[in-house]
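Two forms of a single protein chain come next, each set out by itself as structure tokens; they are called structure 1 and structure 2.
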Structure 1
């Protein structure tokens, strides 16, 4: 299951760090290549030589280490790794990761690592339940860090309670499940709409909205990671074309409508993440309009509804996912839209809140399906939410195949 994968294993100074040797062995046995990054205190509990014997690679436990074959170790390893697993993760290292403190090998690697990080906490029950630790956990979860455990059992102190590091087999299973997602959309064709549209008033002015396109682009990137063939029909954004994605740039709602409907036959999955302007100026001026003291009346015409038009013609095996940006009656409005447009899923979010939604790095959404219970997600980075949304999309796709 892990053949060809590169796993970075961070080890901090918990008594449970002896389990990390077994975890490294299990990763190797599953086909992965493992490189270990330790704190200096962890090296007092388990000798780096033990990890070197298991992995066949030098251990990185000093930010000034000269043994490793990389010039700038934490940057080179961050580029090399597919996933970063911190096990065991003490309350100290969780606090440093949450605060962005980089004063040892694992915490120097963490902010340089661009992919998914797992942590397997290990600490006494009172330390796990302390408000400071819980606040740090919440911060890391919002950033997309995945937690495995802790479990309830006998602790190093002899007490019994929550705080025991998850067993190596459970951590291995969590990582294997994560990589299995890469195959969840293999062979599927996905069409994503993203970004705003701009409706011209004259050659220099237009009607638009605050959408940055980040949510739709994150979904397109995640779908490619999972093996899909992805086409992105994007309104004007400042974002670069996602790697591996066929990107079609448009400006107006009419252009987006034309490009999306022209490709409506092939996709297995449609994800309508664009913030399409509902109206356009009926007769845009060919010349820049001059300012006058008089009031101006702008006559608007309705734009076509891309999602509704595709939904009317969709095959039973095609999955349609909509987005609903609302300021009030969020769930009620989203369910109405889901029914009208034949969506299998709809992602509703409150765009009236500061720091989330349109233009922001974070989002908080409610995922709805016909007859299903609402699933709240976030606030969290849009890339993290993209992964969770596509988990649900894969479930719907599998049900339609049955």
Structure 2
């Protein structure tokens, strides 16, 4: 199950450290390659050599003592890993991860790592239940960090309660489930629209919006990573074509409409992440318009609605996912849009705050499905959200195809 996977195993100084050696062995046995990153405190409890013997790789413990001085170790490691698993995770490391403190090897790796992070906390019940720990857990969960355990049972102190690190087999299972889910779109065909559109006023001027295309591109990339065949119909963006994705560049809403509808037969999933201009100048000038002291009126014609037109012709087994960028009444407007356009899922986001949403690196969204509870995600990097959104899309698709 883990053949060819690269696992970064972060170890902090809980009494459960010794179980991490067993976990490293299980990962190896399942076919993964493992590299261990320890806190200095953890190295007081378990010899790094133990991990080196099991994994066959050097342990990364001291950020200033790199074996390959030409590489910045935490960055090189972050690029190498497919998943980062912190087990055991002390209350201290959870706090540092939540706050973004990077003062040792695992906590420096964490913010540099672009993919999924798991944590398996281990601590005494009082520490686990303390509001400081619970607040940090909430922050990490909101950011997309996945928790395995803790379990209830006998603790190192002899007390019985919640706080035991999840058994290594359970952590292995969670990571294997994650990679299985990773292939959740294998063999599926996905069409994503992304970016803004530009509606010409004259040969040099246009109406557009602030969409950067980053969210749609992140979804297209993540869908490829999960084994899908992906077509991206993109408005003008500064982003390079995502590797492995068939990218069709368009400029206007009419072009995007034409290209998307021409490909509407095959996809299992449509993701309408583009910020399509609702209107276009009715009669764009063929020549550059001259400045005059007069007021100017621009007559606008409505653009076709790509999602609605695809939705009208969609087969019952095709999954339609909409986006709804709003500045107020976010959930209400998104639900209305979902109903009108027969979406199976809608990703609503508030674009009124600076630093999140349109054009930004981060996004905060609410996922809504007909009759389903709203699921809040973020603020988090768009790549993280792309992965969480596709988890949900795969779930909806599997239900539809059953």
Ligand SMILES: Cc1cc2nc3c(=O)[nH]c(=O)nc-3n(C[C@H](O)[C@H](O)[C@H](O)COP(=O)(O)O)c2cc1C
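Numbering follows the first chain given and starts at 1. As the structure is a computational prediction, the values presented were derived from the model and not from experiment. What we label the rigid core is the largest C-alpha set whose atoms superpose within 1.5 Å from one form to the other.
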**Message:** Looking for the form predicted together with the ligand among these two structures; is it 1 or 2?
**Reply:** 2
**Message:** If the larger rigid part is held fixed, by how many degrees has the smaller part turned between structure 1 and structure 2?
**Reply:** 14
**After superposing on the core, C-alpha shift for residue 53 between structure 1 and structure 2 in angstrom** = 2.6
**Asked** Upon rigid core superposition, what is the positional shift of the Cα of residue 132 between structure 1 and structure 2, expressed in Å to one decimal?
**Response** 8.5
**residue 113 CA shift between structure 1 and structure 2 in angstrom, with the core used for superposition** = 5.1
